[in-house]
Each structure stands twice: as C-alpha cells, then as structure tokens.
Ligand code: ARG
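Here we start with a single chain on its own, the form predicted alone, put down as structure tokens.
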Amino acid sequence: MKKATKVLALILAMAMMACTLVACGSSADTTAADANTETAADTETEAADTEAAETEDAEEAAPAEGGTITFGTNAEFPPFEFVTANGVIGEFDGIDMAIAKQIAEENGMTAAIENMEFDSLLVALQNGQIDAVIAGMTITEERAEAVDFSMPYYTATQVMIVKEDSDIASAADMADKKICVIQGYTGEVCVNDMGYPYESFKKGTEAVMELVNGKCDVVVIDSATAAKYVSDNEGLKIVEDPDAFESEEYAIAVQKGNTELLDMINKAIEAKLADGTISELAVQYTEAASEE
C-alpha cells in the first residue's frame, strides 16, 4: 500500500512539473510575440513619421503652382526696393520688386512681400518665414555659407556721396572724416575693412539726411542707390574710387538645399538677362528717379 502511495505521489509530482514547464513556455512565447509586435509597430510608426517629414519637406521645398511665393526685402534701397503709393506688389516698388513679381507670375504664382530690417532677412529665410530674399543683396562668402544664391542679376559698386564742395576725392580721404553707412549693407563692410570709424543707420534716408544736415562728411553706399539720393537732394555729388571699391553682384537667396525653387529662379533670371528685361527695368527706374 505504501509503495502504491509513493508511486502515485511521484506521478502527481511529474504532472505538476510538466504543467509548470508548459506554463513557463507559454509566458515566454507570449512575451517574445508581444516584443516582436511592439518592434514591428515602432518600425511602422518611425517609417510613417519619416515619410510624413519627407512629404512636408517636399511641400516646403518650393511654393506650388497657383500658390504664393513670399519674398523678403528691405524697402529702403531705391531704385531696387522702396515704398510708394502704387507699387508693383502692393505698396512696394523698384527693380527687385518688378523682378520678383515677374518670377512669380511666370510660374503661375502670386508674389508677396515681407518688409523687414536688412540684418533680419537671412534669419527669416532660414526660419522659413519667407521663401526667398530679394533686396539688392550682394553675394559674399559668409552669406553663401548660410544660404544658396541664384545666378547674379545685377552688378554694382560702392561709391561715396558727399557735398558738392567736399574735398573728398578718394576713399583715402575719408580717413579723418565722419562716415555714415547703412547697417548690414556692403558699404559698412567696406568701411570696416578699411579700418575707419563710422556710424551706421538702419535706413539710407537717415544716413543721407545726416550728410544734408552737415552732421557727417560722407555716406558710402551702392552706386545705383547713391544716384537716387543725389537726384533727390540738391548740393550732393557722387565720388567714385574703383581702386578702393570692387564691383559686386546682386542675387536672390533661398534656403540651403532648396534646389527646386533655386532652379525656378535661375531659369527666370537667365531669360530676363538674355532678353534685356532686367536692363530695361534698371533704366526705367533709374530714369524715373532722376525725373522726380
């Protein structure tokens, strides 16, 4: 009887052990299956997020046909950009504004303008606040590290605006003079590189009025804009110094890597240079400025 009892106990123990092993195996299998399911779900989620991000980037690469392309500018730089009662884009007019409008319209879009301080333009572009910058902006190595530039559409140089009786005949003559420049413009860079002290203003009109009122001796600024200010203010003249001021090229800036928008702009600029449109605009606005 005792022997039978021992055998029965042994059988029950083995049965319980088998159940325990089965139970452990089921738990492990379930955990592994759950882990695989979670991994697959995470992979699908990451893939969906990546696809959405790529789609969003593609949509932001360039404004779609029928949409709006927003250009940033600093409308204090006649004859390239300025504010007037009846501009080509709202209240904004000038050579650059006419070019911007044509680029947009030729691609089935509408041009809009965001007017801001010159120093804020590239930051606004990098932040996606605007699609492109057209503001008589000179191509420089430093700027080219932050944005992509279109092909040049205009060549200019820096000049000095002085009073008609001024003894300034070259850049070297500015050494002991009070110099005014516009903040962020190439003129400021040039004067700074020469090592001369200067005062900077946010608007060209402010700098020129300092000269008109006898509070400074010279304003260094781009040639086309200088011609506008001289025509608007009696008693001023332009002094050139090709040895001190090299020619510079204006271009339109877009976000780094935005090849779709850049190609669209380059195609338009190339056509306008070839058919003389930009030259005609330059003559039109320069002559209009001299007649005012």
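Predicted, not measured: the structure shown is a model, and the values here were computed from it. Sequential numbering from 1, following the sequence displayed.
Another form exists, predicted in complex with this ligand; not displayed. Remarks below refer to it.
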{"property": "Interface segment, criterion being heavy atoms within 4.5 Å of this ligand in the model of the complex, picked from 171 to 179, 205 to 213, 87 to 95, 185 to 193", "result": "185 to 193"}
{"property": "4.5 angstroms heavy atom contact with this ligand in the model of the complex for Asp131", "result": "no"}
{"property": "Met137, heavy atom within 4.5 angstroms of this ligand in the model of the complex", "result": "yes"}
{"property": "Close approach of Phe71 to this ligand in the model of the complex, 4.5 Å, heavy atom", "result": "no"}
{"property": "Non-hydrogen atom contact Tyr198 with this ligand in the model of the complex at 4.5 angstroms", "result": "no"}
{"property": "Every residue of Phe77, Arg143 and Glu248 near this ligand in the model of the complex, heavy atom within 4.5 Å", "result": "yes"}
{"property": "In the model of the complex: members of 203 to 237 within 4.5 Å of this ligand, any heavy atom", "result": "Asp222"}
